[in-house]
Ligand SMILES: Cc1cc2nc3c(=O)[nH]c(=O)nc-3n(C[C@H](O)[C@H](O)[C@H](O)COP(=O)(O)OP(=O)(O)OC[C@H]3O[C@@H](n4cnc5c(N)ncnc54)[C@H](O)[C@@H]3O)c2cc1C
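Listed next as structure tokens is one chain, alone, in the form predicted on its own.
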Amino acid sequence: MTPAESARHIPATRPAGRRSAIVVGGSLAGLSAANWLRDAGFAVEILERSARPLQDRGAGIVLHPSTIRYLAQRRGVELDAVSLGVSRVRYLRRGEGIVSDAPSRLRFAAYGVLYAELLAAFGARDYHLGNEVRAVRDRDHHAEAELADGRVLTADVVVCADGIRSGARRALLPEVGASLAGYVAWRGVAPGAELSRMASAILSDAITYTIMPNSHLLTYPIAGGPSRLMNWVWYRNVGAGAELTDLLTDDQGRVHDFSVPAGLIPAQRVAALREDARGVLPDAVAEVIGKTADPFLQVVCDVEPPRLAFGRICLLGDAAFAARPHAAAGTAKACEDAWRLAAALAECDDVRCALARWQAGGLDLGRNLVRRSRQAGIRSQFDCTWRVGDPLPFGLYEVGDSEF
């Protein structure tokens, strides 16, 4: 290594006697890992590629005990402060209204609320925006994260939680890519206060499903500041090729890879979506879509890596396994991975050994979640065997463990 190269290798902040960690990615997975690792005695730095905070990303999240574990156990945050519960699981059918009604013990949160709470727990000092990681490397006595500006940071462990587009995964496992499911998720939120009495009465205290041939849609309420928002997700089949490319083209003509953010969907496509909703969906649900100012689009896919640990480097959250949303456990898996990772590192001073042990459980959890989510998607979108009144497939380790 030349003197110039040596000068660019900057160790992460490491008070005497403390191990250090670099977390690549500052969303929910990265923040969860950073908080648990710091509580386990690590000096932690988060490197987030975005130049601005991430509050505006995502919409509704089905809460799971794993998702709220850190905030509840270490911060004393109450469930009601960050989530809403509903008492019913309902199925709707166009022209018939509610055709199935059962009790529910599910809770829902807004991405922005969870992000803000986890960021407040970690603090801003060691959360670095506008720092894109270009490469990660495992060395004999440390791990490295090379930034786009040429700096190289070193630490005892590097945790790659940089999402489904993970550059770290591409570098470590270039043969592993996203497998398209054959459909997309249209998503959005509508102000609850703007809904009619009819729509509010049906949707406000329920998670509500509409099952159609080769498609399904769900809605549930989330907190949006002082008022409620109605979150919705509509799964629609789209084959690979020109049709998908067209859907992923924004109002400036740019083609996106996995999603088109809110505010960038061409106006004519939003108008067509609303028209389709009025033509095939129950009135209450079509009203929600019609009153959503800026819907957005996500491609549904699977990612299944054969390994998660690479010496002193590991993949976590969607940078590792990315499962279809139907089990509603992607965020829960990321938080569970983070909690287990910190526990493994706290129990063993040998980072390589700790990551190897942690990997076994992460592989089992990820493979099982991808399998169950894929099966649910095939039932609803292709086989059409998901029936009105069927139990929801929500759960991290097994169906039903998302209930409170």
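Position 1 is the first residue in the sequence shown; the rest follow in order. Small disclaimer: the values here were computed from a predicted structure and weren't measured.
There is another form of this protein, the form predicted together with the named molecule, and it is not shown here; the text below is about that form.
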{"property": "Candidate stretches 286-294, 91-99, 263-271, 154-162, one within 4.5 Å of the named molecule in the predicted bound form by heavy atom", "result": "154-162"}
{"property": "One residue of Asp126, Glu132, Asp205, Asp138 in contact with the named molecule, assessed in the predicted bound form (non-hydrogen atom, 4.5 angstroms)", "result": "Glu132"}
{"property": "Answer option from Arg236, His142, Arg187, Arg228, heavy atom within 4.5 Å of the named molecule in the predicted bound form", "result": "Arg187"}
{"property": "The named molecule in the predicted bound form: contacted by all of Ser83, Leu106 and Ser373, heavy atom 4.5 Å", "result": "no"}
{"property": "is_contact(Asn35, the named molecule) in the predicted bound form, heavy atom dist at most 4.5 Å", "result": "no"}
{"property": "In the predicted bound form, Pro325 touching the named molecule (heavy atom, 4.5 Å)", "result": "yes"}
{"property": "The named molecule contact at Asn368 in the predicted bound form, heavy atom, 4.5 Å", "result": "no"}
{"property": "The named molecule contact in the predicted bound form: Arg49, any heavy atom under 4.5 Å", "result": "yes"}
{"property": "Partner contacts for 325-363, taking the named molecule in the predicted bound form and a 4.5 Å heavy atom cut-off", "result": "Pro325, Ala328, Ala329, Gly330, Thr331, Ala332"}
